[in-house]
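Below you'll find only one chain, the form predicted on its own, shown as structure tokens.
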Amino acid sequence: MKAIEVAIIGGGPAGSATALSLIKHAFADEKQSIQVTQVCGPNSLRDAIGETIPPAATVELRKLGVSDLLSSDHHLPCPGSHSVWGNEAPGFNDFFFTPIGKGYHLNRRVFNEQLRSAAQDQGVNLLIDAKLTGMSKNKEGYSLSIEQGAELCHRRADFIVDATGIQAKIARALGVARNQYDTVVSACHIFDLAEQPNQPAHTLVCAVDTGWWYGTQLPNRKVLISFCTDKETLKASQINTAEVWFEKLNQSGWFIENCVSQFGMTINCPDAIDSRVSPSAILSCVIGDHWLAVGDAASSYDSMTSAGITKALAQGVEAGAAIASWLIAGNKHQLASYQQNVFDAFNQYLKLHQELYGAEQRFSNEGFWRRRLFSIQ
């Protein structure tokens, strides 16, 4: 019997979670052979910025059978967050009282590698430092051209998974529209520490007139400080230049004071600022003829939610099960249910987006906050 070939394009958490889930459900059927190949692009230091995940992410990792990877020394437990949002009084969100698990500050590169290794251990064929260079549709699925180093290989795929992030390369190549509701930009820098702080690694968040600040410890003696705003504010203020960014940081009051106290460091003006875009967007459809989109390729959220990885894992868990059900039993209902759940979750996210930005009324006449209140109504 010819094996069913599934190609997952993307080496991040969404792609790896889909691979792990698909293999798990495929193994349950001994009559059908499913071969899974995950195409992982070249590692980029810029992509490995780190991220904080809430306790809900550990639930999804547990479903995939890989929750133990967070217990390694590579990741830093996060006890919760301290924030100034909506009024001058700091608020607290502690994870200690959550029974489902812990939050973590991730070493993002290591986390991605751990998930890929776990998938490989379960039989997934990993193509590292590879990229999809061509794709054509045929009666049975797709013909793929994959470049790995100096070699170009051609593969068939009965089913293809788009896990390429916000670029949604597969879906866009197939002509699927991406609906964008809002976009914020994070101007950030990662600082090195002489030693890991003794203070609990709370996330720090603070709203100001032109956006909001975010600060967090990362593993391996690093600190991420980020200013979230939009392109209109960036253009007007040039806050993505190091000098302006640093001046704005020193005017942040509570935020800069708590950064210095928690991180135990003197914060100097960085050499450069890195800018990253966080769109609130969703595909017009996330399933189609022998394909499916997952993670940020399917739907992407504002960075304020810290839900990107949790969403990627949850969608991967469901996507893998739905793909297996269709390939093995011809059941399209789970694929349709997956799409509906992605749409429903995005609608819930839009409500949360409005609630969070609407809760900050101190700066409601400022451009950044005014645009957030009306951007997706």
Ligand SMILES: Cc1cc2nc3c(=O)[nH]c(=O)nc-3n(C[C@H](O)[C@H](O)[C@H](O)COP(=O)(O)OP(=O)(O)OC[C@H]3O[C@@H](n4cnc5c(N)ncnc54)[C@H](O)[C@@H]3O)c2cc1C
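Numbering starts at 1 and runs along the sequence shown. None of the values given here were measured: they were computed from a predicted structure.
Separately, the form predicted in complex with the ligand exists; it is not shown, and the next lines address it.
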Fill in: Partner proximity in the predicted complex: Ala14 to the ligand, non-hydrogen atom cutoff 4.5 Å
yes
Worksheet item: Is Glu51 close to the ligand in the predicted complex, meaning a heavy atom pair under 4.5 Å apart or at it?
Response: yes
Worksheet item: Can any non-hydrogen atom of Tyr214 be found within 4.5 angstroms of the ligand in the predicted complex?
Response: yes
Discussion item. I'd like to know if Lys131 sits close to the ligand in the predicted complex, meaning any non-hydrogen atom pair within 4.5 angstroms.
Written reply: yes
Worksheet item: Heavy atoms within 4.5 Å of the ligand in the predicted complex: which of the stretches 67 to 75, 254 to 262, 280 to 288, 293 to 301 has them?
Response: 293 to 301
Worksheet item: Quick check: do Gly86, Ala201 and Cys206 each get a heavy atom within 4.5 Å of the ligand in the predicted complex?
Response: no
Fill in: Interface residue in the predicted complex among Pro197, Gly141, Gly165, Pro90, criterion: non-hydrogen atom within 4.5 angstroms of the ligand
Gly165
Worksheet item: Of the residues Ile273, Leu234, Val244, Ala307, which one places a heavy atom within 4.5 Å of the ligand in the predicted complex?
Response: Ala307
Worksheet entry | Heavy atom contacts to the ligand in the predicted complex at 4.5 Å, residues of 190 to 210 in sequence order | none
